[in-house]
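Take a look at this single chain in structure tokens; it is the form predicted alone.
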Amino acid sequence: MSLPEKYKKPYESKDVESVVYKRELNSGLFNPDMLVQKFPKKYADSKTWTSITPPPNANGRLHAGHALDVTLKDIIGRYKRMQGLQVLLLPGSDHAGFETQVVYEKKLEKEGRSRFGMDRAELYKEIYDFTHVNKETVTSEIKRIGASYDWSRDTFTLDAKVVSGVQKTFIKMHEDGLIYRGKRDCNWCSKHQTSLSDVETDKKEVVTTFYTFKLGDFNIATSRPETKITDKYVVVHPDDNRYTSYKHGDTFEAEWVLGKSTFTVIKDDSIDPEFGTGAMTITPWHSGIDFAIAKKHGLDMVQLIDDYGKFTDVAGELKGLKATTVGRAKVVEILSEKGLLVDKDENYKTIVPVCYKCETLIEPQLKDQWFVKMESLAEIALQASQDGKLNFISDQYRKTFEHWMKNPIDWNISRQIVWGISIPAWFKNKGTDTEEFYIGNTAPKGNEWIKDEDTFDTWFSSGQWPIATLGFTDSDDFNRFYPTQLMETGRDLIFKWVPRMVIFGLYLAREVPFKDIYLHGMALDSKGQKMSKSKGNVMSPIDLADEFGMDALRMALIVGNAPGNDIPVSNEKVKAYKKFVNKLWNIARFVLENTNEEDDNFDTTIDNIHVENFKKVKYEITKNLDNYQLHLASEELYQYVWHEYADVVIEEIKKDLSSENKKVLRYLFKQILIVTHPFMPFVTEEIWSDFADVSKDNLLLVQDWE
């Protein structure tokens, strides 16, 4: 046959990728409904196979980690589709609540504006418009990666159906006694003026000064002297022999920051007598540990530090000082002048909680917030894991998951931000002793009811993602595709997202939302460092694809990347797999030059050593794909194409281009295209168009794997 013109020049990915993706997309075959309609014999009676894709935040461009995420899922989805399953890779994007609002606040700062003082509706609209522009960018970049997603089912976490469903879940959970409102200690970011859940705070090691102060007969050790101003309880362990002269509840007077005060001794077995002096004063309003002690013993709680991190009225002459800076220094100065400073260690290392977005020191506050009771929900999730209903591809993550489920903490789900799904609650006399609230989408009769301005923690909506994207439990899609088969996402989400999806799946649908859980590692730079904008080492998958081609990038992200392991990404590695793409292109040229359609009728029952060798390789590739060992499957594929088919098969057949050998050559190459397609969809689909009439939907996308 005459060689197509395109093979007379080197492979150019930029000439191919958009054309190929458009061809696949326009076929409609990313949609499982269309698979059944166009190929009823193959798909009508087959099982569904579904993976709900983790929704990237709609607040910026994709990075290499996103490309890894998309590639892993797409490889498995394409493989399952070729196996004859009704594959649904359901895409979406996340409004990302607090994270997106932080991104937008930085934009406002550059413009000399602030969200504080802005009209809520105006701010929401601005963020909404900003998010949708970014959402379109994100979607276009995911398509560039080659994602065979069913875009007709594309979902956004602020779509009306999702918002309605999430609010109904909140109402149901309240009716079931799983939601409560209460004044409890919560993580507070004074910069962004919102509470955060435990998984939204980072731990940061700092070097600070560790002080010891004299308080009556006690020595009090602390790294946060600014919190001690209004303390009036000294807590020791009941069995600490150093303090046997005091009984629980005894009082004494002593000089302190604001003058002479009365202190009460509290004995509690939660105190570690080996830490510091074994005696501590507590600040219940500003410490979760202290709050628990105070609640246990019915002690008073006083707000010393306000929402902006400054001393309140109770600090007397220190009112208005920034607590952690000027305020701390002033407290130390006062106690030193009174002769109460006993000792200080200026090289004390400690771990402090900080906001995961701005690294502002978290200042715990007692706040009226909405909480989810986690104990019973965690129990059913733990049981599901122990019963084998969840298959963690790396078993280390099962241990992490189960540890989290065995140690649940009630979940603060309310955020003091504009951007998000509003909590369906109404208040009367809010903030007073006679406060009342009503749960529902519409207010009760009466003008005195006001809407709750808080929004849901983004994980409250994202936790319902597998159910929400399928239309919740009363939809046809839910009945057809739930439970899904695979959840593939980053290993860092073993804390934030995976447990919540399992919990909501079991709570709302009485069934786990997915069976297999594949947690990939982080995409690192060439030096093994985590990519971040501040370091300037973020690699754009689009930029890499523009230079080397997307097929090359997909292979570079997969080969050598075992589940859960971090993977360095470099230009050199992607460039190396560009050579592999070119190798396939050159092989195609040779096969097309030396065979034609008449050579397609190869009898696979004939004994042929090359065919037998390929069958063994394909068996290994299939086995590894079934077990989600994509790194092994891709390596097996690479080695066979380069070192077996190119170096051995072609070289042998070159010497004898008999009719039989031509058939073997052509048959094996078409098989190579089939097994390579999930990994490198663009170049394989383009080559396939010279072996089949793709105008009749005879795309490589839906060729039989077996």
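Bear in mind the structure is a predicted one, so any value in this text is a computation, not a measurement. For every residue, the number given is its place in the sequence shown, counted from 1.
Note that the form predicted in complex with the RNA isn't included here; everything after this is about it.
- Across the options 215 to 223, 329 to 337, 294 to 302, 117 to 125, residues that bring heavy atoms within 4.5 Å of the RNA in the predicted bound form belong to 215 to 223.
- Annotation: in the predicted bound form, residues Q396, P568 and A576 each come within 4.5 Å of the RNA through at least one heavy atom.
- D272 is the sole member of E317, D272, E253, E597 with a non-hydrogen atom lying within 4.5 angstroms of the RNA in the predicted bound form.
- With the partner removed from view, the residue among L519, M82, L196, I587 that has a non-hydrogen atom within 4.5 Å of the RNA in the predicted bound form turns out to be I587.
- Remark: E635 counts among the residues lining the RNA in the predicted bound form, judged by a heavy atom distance of 4.5 Å or less.
- For the chain shown alone, K41 is not a contact residue for the RNA in the predicted bound form, no non-hydrogen atom being within 4.5 angstroms.
- Although the partner is absent from this view, K654 contacts the RNA in the predicted bound form, with a non-hydrogen atom inside 4.5 angstroms.
- Contact check for R491: a heavy atom falls within 4.5 Å of the RNA in the predicted bound form.
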